[in-house]
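One chain comes next, on its own, written as structure tokens: the form predicted alone.
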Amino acid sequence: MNTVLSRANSLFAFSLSVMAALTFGCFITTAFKDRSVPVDIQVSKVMIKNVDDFTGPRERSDLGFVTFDISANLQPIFDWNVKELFLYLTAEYSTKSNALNQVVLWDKIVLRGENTKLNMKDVKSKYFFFDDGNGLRANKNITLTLSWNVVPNAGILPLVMGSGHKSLAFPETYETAKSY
């Protein structure tokens, strides 16, 4: 009736129930916290080239180059339930063929215990800024936004947008120089 195995099973089930309740308590204490902070994005250089696109039909596509500065204090986001932040800078714009285009230009992982004051100058795009046609040339409304995923110890992974963005215009002529 009350063998060693049944007592071990009861102890194990009770321990799992307590651990689940503690994990839920950890989650609920930070679930509704505002994770948004002010972000300052400045653009120092914008360039566009018309290059061969080898991914589809043999057409030429726009390739944009952006040099930017980012500054933000990410310290208020970190608490005891935050393991790391995955930061990424996106460019959003519309063209004649697509109502909404989103391209990730840069990303960074900030671990707990690292420097949380982001102050980066003259950063170049980490990833290619390709358009699937010629929609970047003379585009007047390209918006850069810094967003992040909060990776918690327990709970959901919220997607947060910074409370600052930068709108810019691309030039009307293509760059012919070989270097960026």
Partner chain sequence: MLSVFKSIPTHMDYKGQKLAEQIFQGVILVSAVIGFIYGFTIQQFGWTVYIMLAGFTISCLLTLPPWPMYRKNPLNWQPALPETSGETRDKPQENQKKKKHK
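Everything quoted here is computed from the prediction, not taken from an experiment. Residue numbers count along the first chain shown, from 1.
The form predicted in complex with the partner chain is left out here; the points below concern that form.
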Task: Segment that reaches the partner chain in the model of the complex - one of 130-138, 113-121, 57-65, 23-31, heavy atoms within 4.5 Å - done: 23-31
Open item on the list: So the partner chain isn't shown here. In the model of the complex, which residue out of Gln42, Ser147, Ser125, Asn153 has a non-hydrogen atom within 4.5 Å of it?
Closed with: Asn153
Open item on the list: With the partner left out here, check for me: in the model of the complex, does some heavy atom of Met19 sit within 4.5 Å of the partner chain?
Closed with: yes
Task: Ser15 within 4.5 Å of the partner chain in the model of the complex, heavy atoms - done: yes
Open item on the list: Residue-level contact is defined here as any heavy atom of the residue lying within 4.5 Å of the partner chain in the model of the complex; does Ser10 satisfy this criterion?
Closed with: yes
Open item on the list: in the model of the complex, does Asp79 come within 4.5 Å of the partner chain, counting heavy atoms only?
Closed with: yes
Open item on the list: Using a 4.5 Å cut-off on any heavy atom, which residues of 38-69 would contact the partner chain in the model of the complex?
Closed with: none
